[in-house]
Each structure stands twice: as C-alpha cells, then as structure tokens.
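Heads up, the chain below is alone and in the form predicted alone; it's given as structure tokens.
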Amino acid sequence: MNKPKTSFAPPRGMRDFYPADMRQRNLVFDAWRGAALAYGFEPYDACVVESLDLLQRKSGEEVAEQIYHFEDKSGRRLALRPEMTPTLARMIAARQGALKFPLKWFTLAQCFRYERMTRGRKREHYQWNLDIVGEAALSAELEILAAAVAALKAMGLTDKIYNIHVNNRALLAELLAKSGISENHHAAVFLALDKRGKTGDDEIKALLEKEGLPAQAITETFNLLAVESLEQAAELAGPESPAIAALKELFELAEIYGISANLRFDISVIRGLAYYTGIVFEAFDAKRQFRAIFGGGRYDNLLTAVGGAPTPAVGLGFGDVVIMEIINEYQSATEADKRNGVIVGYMFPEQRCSAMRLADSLRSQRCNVDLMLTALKPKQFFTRAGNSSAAEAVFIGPDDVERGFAYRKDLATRHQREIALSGRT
C-alpha cells in the first residue's frame, strides 16, 4: 500500500512571501503606516492568540464559524484572531480609566479565518486597522476615510480606480421599524441582507422566514434595497430622521477633505459584523471586479460588551490581499518595482578590501548596498546587477583601485559618473 505523498507546501490559504512579494507587501505596509502617522494615529499591537469566548461573542455569526480554535495544554479555549476589533475593545476596557480619550490608534495585524477560498480571500491575511475611540462627532469617520484615501494614493492608485460606498445602519433600523419589523429582528435582518450578492435571494428569504418575518415584511425588506439615492432614502425616512442628517453631514464634510467625489450612498452596504451601530462603509474598485478593498463603520456599544463603560468608536479594516490584486490589475509598474540602492562588485580578490570599504562608506550615508561576496567577471556582475533590485552599480577593477575612483552606473539609463573609492561622489 502506497503511503500518501508528504507535502511541505504552506497550509491551504496561507502564504509565503519571497523577496519580490515582500517588495509589494512593503509598498502596501509603508503606505498604511505613513498615512496613519500623517493623520495622527498611534501604533499598537496585541497577541495573535485570543480567548475563544471573546471572539465568538464579539464577532458576527459568519466570523464566529470561521475561527481557528484549539485548547492549550491546560485546557484553555483559545483561537487565532480573525479580526482586531474585539482585541482592541478588550485592551481599552482593561485600562479605560487611565487612557486619555479620544484615542486614535492603528495596527498592522495578521488575522486568520477558516473560510472558503475565493479570489481576493485567503485564510491568512494582514489587515490595517484604524480606530478612533471616544469621539461621537462625524469628524472621526472623516479622519478615518481620509487616511484610507491617503494610503491608496501612496500606493499609486488614482481616484478613478475606486469608490467608497457608505450607508447608515441606523437608517436601515428606522426604515425597518417603519415597515413594522420589530427591533428584536433587526440584527438577523442585517445579517441576512449582508449576504446579498454572496448568495441567492431565495436563501436570504429563507433566512428571514426562519427569523419569523411575515411575507409582507420580507417583501418590504427587499424593497428597501431598491433605494438608489440619499434623496429617495430621505423621502422614506422622513425629514426628522437623525440617520439621514448624519449621512448628509458626512457628505458635506467629505467635500472639505477633498474625498466627496469618491463617496457613494449605497443602502446595500450593511456590514455583517453584529457590533456596528451607525455609519458603515466599504470601498470597491470602480469596475467592481474584486471584493471590498476596505470596510468599517461606527461601533458605539462594543466596549460595554467586554465590561467597559459606554464609549463611542469608529474603525476601519483594510486587508492586504485584495489591494495587492488591484495594484497588479490597474498598474503595469508599481512603486514596488522601483529600484533603489547600489550593488557593488569587484574583479579580483585583490579588490575585495576596496569594495568592502566603499560599501561601508555608502552604508554610513544611509544608502542600501548589496556587496558581492566573491570576485566576478564583469559580465557575471552586470547580469546579476540587472536581475537585482539595485538602481546603480559599481564594479571595481585593478585600474580603479590604482587611481582611487570607480564608476557609479545608473542601471536604467546607463549613465555613469565617477565615485571615489572612499564612497564620495
């Protein structure tokens, strides 16, 4: 009987990052980090293993089913985090009396979900989280959205490539109430409607029937998703609607931030996670070829669910998988492909010390240097230089050492200039 072939490939849905992959990942991470700092967010981090109870109770139904969980050697029920918001809530609740609000925090978190593999979805991904905690004003939503737009620009993506779809869960709650659907059904309705586009309407109808909604209420619920504009929503909700007022204010403030052209009212944006309470948003590429680029919204009640005091909050989650696919789709050459630094080589062992001294001098000037570790023929060296990520190359031969200068060649333009072997141009 043949033994099954052993495979040492990464587990399904997990990823390895080779140097070329890391260049692209670093482009995304640097854009995230730079935008967060530019908008006054402070970095934080946390353990990747969490209490299973925390994650099951504070995530949406779908996420709870996708958690990688296990028992440790002491029988504790633990899990790999599927998202960061419950962890953030736990951390803030633990020190709520000592922290100075509002908080503006960000992190780049590795998250895990055991879910069906599709384009743009892995079982392991990195996610940029931005959160403002302790501020009820809509300026919090705008700061987060503007920071996300700044990150997209830093990745080289223009305004024409994406749109940000916004809605208000409170508006949906108002409209459901007007349709005679009691509040105790709202969470289940939100969860069912959030599946639209991912599953058929018949299945959604079955979920609503299971929740106990009568046929007329189900019909009116689907009719809500036919609303196409904020004006239509305002007519249904009435002139005194706080949710409509909040959305109108959001669009007005977005003009000041210069991001209003990319905002779209979209009543179908619901967000499946149970803790959202107000404005919610999701960004998509303009052609809608991919899954959401990022999503988030207001979650004013989450801290109370983990033992904290009532605290308003708004946050965003922005994963790395979809945005890398979009960068590859929309840009033939990304910032990640740009060369930088110098590659230094030498012809004979006698020039090794000169090459080492030059490399050391350039590095002291904060220049990235890839020093060849053995002597190479010119053709070998320049072939290797062409395949590297370096922007310039210096090759040292006997004559260069004798006169104290070599040539620093631009690998793209082939232009070259003299450089002293001391490292100074």
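For every residue, the number given is its place in the sequence shown, counted from 1. Keep in mind that this is a model prediction, so the values were computed, not measured.
Another form exists, predicted together with ligand HAM; not displayed. Remarks below refer to it.
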**Prompt:** Is there any non-hydrogen atom of G134 lying within 4.5 Å of ligand HAM in the predicted bound form?
**Reply:** no
**Message:** Can you work out whether D159 and ligand HAM are in contact in the predicted bound form, taking contact to mean some heavy atom pair no more than 4.5 Å apart?
**Reply:** no
**Prompt:** Does any heavy atom of E83 come within 4.5 Å of a heavy atom of ligand HAM in the predicted bound form?
**Reply:** yes
**Message:** Given that ligand HAM is not shown alongside this chain, does P214 nevertheless sit within 4.5 Å of it in the predicted bound form, heavy atom to heavy atom?
**Reply:** no
**Candidate stretches 239 to 247, 311 to 319, 349 to 357, 252 to 260 - the one whose heavy atoms come within 4.5 Å of ligand HAM in the predicted bound form** = 311 to 319
**Message:** Between ligand HAM and Q127, R271 and G295, in the predicted bound form, does every residue show a non-hydrogen atom at 4.5 Å or closer?
**Reply:** yes
**Asked** Tell me, which of E115, D300, E220, E209 has a heavy atom within 4.5 angstroms of ligand HAM in the predicted bound form?
**Response** E115
**Contacting member of R121, K178, K205, H185, with respect to ligand HAM in the predicted bound form [4.5 Å, heavy atom]** = R121
